[in-house]
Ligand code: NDP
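Here you get one chain, nothing else, as structure tokens; it is the form predicted alone.
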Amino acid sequence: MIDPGELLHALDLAATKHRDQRRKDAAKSPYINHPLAVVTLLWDHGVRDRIPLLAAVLHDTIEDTGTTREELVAAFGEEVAAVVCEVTDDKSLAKDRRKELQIEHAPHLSAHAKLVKLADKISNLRDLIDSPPHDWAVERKEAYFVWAGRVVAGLRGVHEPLERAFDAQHARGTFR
């Protein structure tokens, strides 16, 4: 179980770290909406373990805000920081290589990281359908859906309700 105070602390940290960021949708929604959606997906599908819930809230902090692993260890412990690091892309690599590595690494992630990654992909697909980036052509959206399906293929077997939720979102990905 998770301590509500600890979850609020993680939400506060994520909101502070992402405060100047916006999503790519036409409305330029506050970025914090995404980590909130990811943790809510986990909660709504029965995940109550503190490690994936906290990591879900914090999953983009290292990758997108300059937060360090050490900051996360100090605030939430080694296990949470390790999961965040598992789902963090190396931004020094080319985008295509980062995407390939997500596919390659997915089967080898810890169970907690797989939960976070799966909820992240569900959230991204939902956003791509409901509030897509204004400058994404149909082909780019379709390519994202194909790629997300390849990533999730390596996550299968970790949590059936989340996998069904992914499949439902993935089935909505008809853009023509």
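The model shown is predicted, which means the values in this text are computed figures rather than measured ones. Numbering starts at 1 and follows the sequence shown.
The form predicted in complex with the named molecule is left out here; the points below concern that form.
- Segments offered: 136 to 144, 39 to 47, 65 to 73, 106 to 114. Contacting the named molecule in the model of the complex at heavy atom distances within 4.5 Å is 136 to 144.
- Contact with the named molecule in the model of the complex, defined as a heavy atom within 4.5 Å, is made by none of 86, 97 and 150.
- Contact annotation: residue 132 falls within 4.5 Å of the named molecule in the model of the complex, judged by heavy atom distances.
- None of the heavy atoms of residue 33 is located within 4.5 Å of the named molecule in the model of the complex.
- Of the heavy atoms in residue 9, none are within 4.5 Å of the named molecule in the model of the complex.
- Although the partner is absent from this view, residue 122 stays clear of the named molecule in the model of the complex, with no non-hydrogen atom inside 4.5 angstroms.
- Shown here without the named molecule, the chain has 23, 24, 25, 31, 34 in 11 to 47 lying with a heavy atom within 4.5 Å of that partner in the model of the complex.
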